[in-house]
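A single chain, nothing else alongside it, follows as structure tokens in the form predicted alone.
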């Protein structure tokens, strides 16, 4: 993937990994449009990064996704990169009662959101000489965290969907990439400076380096043991991982 000269649309770009990617692409000479739910945060990123454009978008609203996509395609005809980053990570209890409202919002945001965003832009992307869809999943797609069971399941679904999406688009100008982050120290999981979490700036720097030559997945070095776990012997590692987290709780969980 070329790292300059693009017009890049990033969902969930007002904080954490999304903001880090937005600012990194902006510094490399790309036109960047950031989407988020909170106008105050959109105003802040635009003020601190002159030249970054913003648009208010609730990724859980299908009609709004279609409307915003149409608006952006008209305003930015050279738009050629879509980064599906927006997501939420509520804790849940797979062994207890279901908070149905929270569950529906989670699936709408983490799974249907990226699917709908991709669908809203894909015909436009096919008309570009070079285009890219980047889906942000998680190492929890491969080693689920029991305390966020449904979140982990949505990320496994995004990984699966990305595999299919890459295949069906392989004869077009659209490349499909997947970023599978480890635990990164952001507000997604109670930003705390926990030494087990990868610092955001280090994650963004390594990710941008890997993006340049990536053809399928972007997995930073710290994430490789969990990414490589999937397979017929994965169960013991999953149990060990969750027991470790249970014995060493995540702050605020």
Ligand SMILES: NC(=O)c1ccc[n+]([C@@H]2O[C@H](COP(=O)([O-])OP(=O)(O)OC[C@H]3O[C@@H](n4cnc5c(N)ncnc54)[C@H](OP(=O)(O)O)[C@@H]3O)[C@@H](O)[C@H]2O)c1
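Since we're looking at a predicted model, the values are computed, not measured. Residue numbers count along the first chain shown, from 1.
One more form of this protein, predicted together with the named molecule, exists but is not displayed; see below.
Contact annotation: of the candidates 194, 217, 58, 44, the single residue with a non-hydrogen atom within 4.5 angstroms of the named molecule in the predicted bound form is 58. Of the listed positions (187, 201, 221, 212), a single one reaches within 4.5 angstroms of the named molecule by any non-hydrogen atom in the predicted bound form, namely 187. The shortest heavy atom separation between residue 28 and the named molecule in the predicted bound form exceeds 4.5 Å. In the predicted bound form, the named molecule sits within 4.5 Å of a heavy atom belonging to residue 86.
Heavy atoms of residue 227 never reach within 4.5 Å of the named molecule in the predicted bound form, leaving it off the interface.
Within this chain, residue 66 is remote from the site of the named molecule in the predicted bound form, having no heavy atom within 4.5 Å. Only one of 174-182, 94-102, 70-78, 161-169 lies within 4.5 Å of the named molecule in the predicted bound form by heavy atoms, and it is 174-182.
Contacts to the named molecule in the predicted bound form (heavy atom within 4.5 Å) from stretch 6-26: 12, 13, 14, 15, 16, 17, 18.
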